[in-house]
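Coming up is one lone chain in structure tokens, specifically the form predicted alone.
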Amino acid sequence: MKLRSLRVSILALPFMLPLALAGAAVASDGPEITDELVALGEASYARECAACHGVEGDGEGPAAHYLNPRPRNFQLAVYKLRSTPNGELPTKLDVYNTITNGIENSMMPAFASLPENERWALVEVIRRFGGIEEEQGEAITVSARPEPTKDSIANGMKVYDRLDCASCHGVEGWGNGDSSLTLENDAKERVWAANLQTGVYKGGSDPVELYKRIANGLDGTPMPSYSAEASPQEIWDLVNYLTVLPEQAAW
């Protein structure tokens, strides 16, 4: 069976698609910034983060040479996982969520076991490495997810083709597109396109998070923003299409 035929078979799958449940919402920008909070963050950073990200937040910790991709250089103030548009600073909550949840398919673990105020303290320390004080980006508005109907998924397949997602992720989403052999991040390090058939994504598999990744891109990586090339409805259709790819693999 040809690969393209396998894609068409997605439309015949049962549409009992479980919606990923988001973690407990954190509505604030954290506690008031005090000297005590910063001191707590600095102590926590030295204990939990410096081995990889470096004492100065430059990504040059003693463990960095063993990791691929290397840890982020916080001094550049470039963040992959954001609710904000391409090229803009993340919100404080974005940084907090990354610390809390970690990054799937990477060496960045989740630190949800740390007390909440300690995670917020880390947010402040990490932002200061990049010269960020009170400023932060503004999250995009994400409309409600439409029902993942056959029509929506079929249109999502067309959007996948039109945006040329296959050039990196492959026709079937296996991460084996022609460009996947030459991808580099902003540090000129070799990186690989995500295998969309696994259903595992750096920002988590919650549909809203997938929407943000497509709309906003992942700064510092080859993954661009598609907010100018696709409408909100088309991005949701694409999310619905991506949601069934792992089911196709299991089938």
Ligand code: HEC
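The first residue of the shown sequence is 1; numbering continues from there. This is a predicted model, so every value here is computed, not measured.
There is also a form predicted together with the named molecule; it is not shown, and the following applies to it.
- Of the listed positions (G59, P207, G199, P222), a single one reaches within 4.5 angstroms of the named molecule by any non-hydrogen atom in the predicted bound form, namely P222.
- Residue S106 is the only one of N176, S106, T149, Q75 with a heavy atom lying within 4.5 Å of the named molecule in the predicted bound form.
- Heavy atoms of no residue among K92, I153 and M157 are located within 4.5 Å of the named molecule in the predicted bound form.
- Within 4.5 Å of any heavy atom of the named molecule in the predicted bound form lies no heavy atom of E42.
- Interface residue remark: V55 is not counted as part of the site for the named molecule in the predicted bound form, having no heavy atom within 4.5 Å.
- For C168, a non-hydrogen atom is located within 4.5 Å of the named molecule in the predicted bound form, even though that partner is not displayed.
- Contact check for I33: no non-hydrogen atom falls within 4.5 Å of the named molecule in the predicted bound form.
- For the stretch 113-148, the set of residues having any non-hydrogen atom within 4.5 angstroms of the named molecule in the predicted bound form comprises L122, I126, in sequence order.
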